[in-house]
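Starting off, we have a lone chain in the form predicted on its own, written out as structure tokens.
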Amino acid sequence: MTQVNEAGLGADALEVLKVVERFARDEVRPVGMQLDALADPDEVIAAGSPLWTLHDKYRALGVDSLSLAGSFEPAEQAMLSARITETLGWADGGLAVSLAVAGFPKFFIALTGDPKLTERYLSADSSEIGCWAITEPDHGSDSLAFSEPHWTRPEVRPNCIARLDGDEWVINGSKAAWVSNAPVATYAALFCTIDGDEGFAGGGVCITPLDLPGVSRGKNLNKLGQRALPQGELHFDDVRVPAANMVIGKPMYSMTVEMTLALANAFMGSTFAGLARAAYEAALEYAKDRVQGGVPIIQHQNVRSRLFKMFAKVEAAASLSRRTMLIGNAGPPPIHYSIASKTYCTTTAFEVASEALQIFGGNGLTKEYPIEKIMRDARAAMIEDGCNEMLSLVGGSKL
């Protein structure tokens, strides 16, 4: 990756970043290209798929937010997290999401202090893969839009409902095909509705093992972009979960959704700032090699001008995403900063990838070059973790 400086990172943090950069270049990007090329999405998650090995190798690196906690001062750790996320996004946007979401439920387990949950999911030798199960068959971005009037309307009927029965929660319903990692996850941070009589506001977060009786899954989704990221449905038929696993209840649910969305959108901003850089770098390299009119095309004024505009957008995206992470160094960033980062960086990634493909010309449309994949991956990001239009409404409510 082309970088000007490493402002804000000391020697130890730089060493961690170098390890991640090697992993991104030598492991993540090749696996992402290999998985993207598979015609059948079920091959992505089949036994022997390099996806499983990649998760094992990433876990062994120990560079997720919880593993790094306390290793650096808050501002330095925030910058390091931003740079790690950018680097993984530079390698493959979909796999960056998969690797991050795998550890997402750990944040809720760490808050509980429950010894059984801690032993199973937070031990050093745990190989559990998590997912964030919030999107539903009849509800997408509206299940995140806590600022909008529908949020508290009881007539808005969610698709996944938990009811308390003695010392267990009984869960029924479904989560939609867009749950990242659902086809491979062993447990979920399940954002569900409690009793179903208060709209989305009456929800909770339940740590739900996905090997329980009554849990079933749909097929791995066949998608335009981010094909290396497994996504699929989750179905719950009288699934019984211990009462202690409902780590967030109704009183804290709306606040939890806001905090979770702030963290997720800040992560998405950094990830796709990295993907935007990958698109720009691919175009720059191609422009130096491709000869038209007797000279490399970078010597043509229109190409050079286009590349400079792409460069400026990439640097602006990186600056916004890193600033957002720094603002939130002691916790989740303010939601409007996170949403600004997510919407701007994902849009930038798509715009820069589209410009890059234009520089490649006809070659950019072929599978021989990486830019068509990058553009497909970037396009998906403008919808995931809340579509950019709905997110802008939520962010605007906080101005």
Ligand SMILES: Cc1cc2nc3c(=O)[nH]c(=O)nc-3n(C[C@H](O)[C@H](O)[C@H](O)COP(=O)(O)OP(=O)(O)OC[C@H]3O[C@@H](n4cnc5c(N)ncnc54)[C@H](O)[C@@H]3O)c2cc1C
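All of these numbers come straight from a predicted model, not from anything done at the bench. The first residue of the sequence shown is number 1, and the count goes up from there.
Quick note: we don't show the form predicted in complex with the named molecule, though the next part is all about it.
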item: The named molecule in the model of the complex: contacted by all of V28, E372 and I374, heavy atom 4.5 Å; value: no
item: In the model of the complex, the residue from S141, T260, S174, N245 that sits within 4.5 Å of the named molecule by heavy atoms; value: S141
item: Interface residue in the model of the complex among F108, W151, Y121, W132, criterion: non-hydrogen atom within 4.5 angstroms of the named molecule; value: W132
item: Exercise: E389 in contact with the named molecule in the model of the complex, heavy atom 4.5 Å; value: yes
item: Residue contact check: Y286 to the named molecule in the model of the complex, 4.5 Å heavy atom; value: no
item: Proximity of S180 to the named molecule in the model of the complex, heavy atoms at 4.5 Å; value: yes
item: Any non-hydrogen atom of L229 within 4.5 angstroms of the named molecule in the model of the complex; value: yes
item: Location of the named molecule contact in the model of the complex, chosen stretch of 69-77, 133-141, 290-298, 321-329 [non-hydrogen atom, 4.5 Å]; value: 133-141
item: Stretch 375-399: residues contacting the named molecule in the model of the complex, 4.5 Å heavy atom cut-off; value: A380, I383, E384, D385, G386, C387, E389, M390, L393
